[in-house]
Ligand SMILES: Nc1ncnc2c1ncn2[C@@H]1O[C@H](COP(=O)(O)OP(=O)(O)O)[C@@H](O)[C@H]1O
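Only one chain comes next, encoded as structure tokens, the form predicted on its own.
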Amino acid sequence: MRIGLSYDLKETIAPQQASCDDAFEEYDSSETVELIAAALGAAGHTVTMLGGGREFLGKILHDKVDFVFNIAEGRGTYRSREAQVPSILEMLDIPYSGSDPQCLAICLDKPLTKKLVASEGVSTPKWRVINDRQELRQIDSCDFPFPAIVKPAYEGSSKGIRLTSVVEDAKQAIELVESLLEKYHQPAMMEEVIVGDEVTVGIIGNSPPKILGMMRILPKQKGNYFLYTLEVKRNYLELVDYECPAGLEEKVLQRLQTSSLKAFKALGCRDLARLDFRISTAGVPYFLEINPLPGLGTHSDLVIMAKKMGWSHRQLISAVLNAALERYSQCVCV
């Protein structure tokens, strides 16, 4: 089968487009793209590199492909940016892997995602959205449980989440929210800090979706509030250990599985996703966010998890591809 690979490389984005030092954090490296292409090629497929942005537009119109394996994050700071490539593929009636535009647009909007997931009975920390400077003054008068973490409302890959993102009171919150509004050009979200373990859950497949693994992120140095921040992810070998399967009580693991599958289905995810939770001291999993377009490079959490569960990188890519192909009967026989 002729498979197109859509992606956004860090090096293809002009440095002047960066408004902050983590602007390109979600984009992929050439190493990751080549690794995925090799996995698809090893499965017997012919791979066409489509790239992203304007390059993608030109190639998808002129290069004949049967299917697109999509890891493109989209361009700009729009909350619908991850939906850009799938929207074009749907317009051209080209099948592709991963979730559809509506799901991708919803899941990048953290507050909206939390509302939908909470409506399904999944626990999530209390939160509040600050849309602009006009609303900053409301933080002083709102009854919000501190400590809280402050983060951009429409980002992934821990963009905007730093070691300094925890605030202890309204004064600190106002200062940090103001800074994020200026840097990220989008609303900011205050979220209650749940003291406890950080766990990420991987899901593969559709009918039914299955739990790939549940991985606990353990800090090597103990502190008041461990956060899986950008600094930690950039230096994960030195700062954390990954425990998979997660060494939690069976009833907690069962709650995690139930909450993860509920969220996956409620949001309309397809083929794969990774979900982040905090486990309270009472053993309750609190949903933080979901990534229906998780990284598939060597150092990505889903890949680390898969390897700890005994999967090779090629097996993971094949599982995602096969899950997608099962949704498109016309592709199976190509």
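One rule holds for the numbers: they count along the sequence shown, beginning at 1. Remember, it's a predicted structure, so these values are computed and weren't measured experimentally.
The protein also exists as the form predicted together with the ligand; that form is not presented, and the subsequent description refers to it.
In summary, among the residues Leu239, Val193, Ala105, Leu112, the only one with a non-hydrogen atom within 4.5 Å of the ligand in the model of the complex is Val193. Between the options Ile161, Cys244, Leu261, Leu253, the residue in contact with the ligand in the model of the complex by a heavy atom within 4.5 angstroms is Ile161. The ligand in the model of the complex is not approached by Asp100, whose heavy atoms all lie more than 4.5 angstroms from it. Contact between Lys233 and the ligand in the model of the complex is found at the 4.5 Å heavy atom cutoff. Looking at Ile211, you'd find every heavy atom of it more than 4.5 angstroms from the ligand in the model of the complex. For the chain shown alone, Leu288 is a contact residue for the ligand in the model of the complex, at least one non-hydrogen atom being within 4.5 angstroms. Remark: none of the three candidate residues (Tyr96, Gly202 and Arg270) comes within 4.5 Å of the ligand in the model of the complex, counting heavy atoms only. Annotated contact segment (heavy atom within 4.5 Å of the ligand in the model of the complex): 185-193, selected among 203-211, 185-193, 84-92, 130-138. Contact annotation for 130-154: residues with any non-hydrogen atom within 4.5 angstroms of the ligand in the model of the complex are Ile149, Lys151, listed in sequence order.
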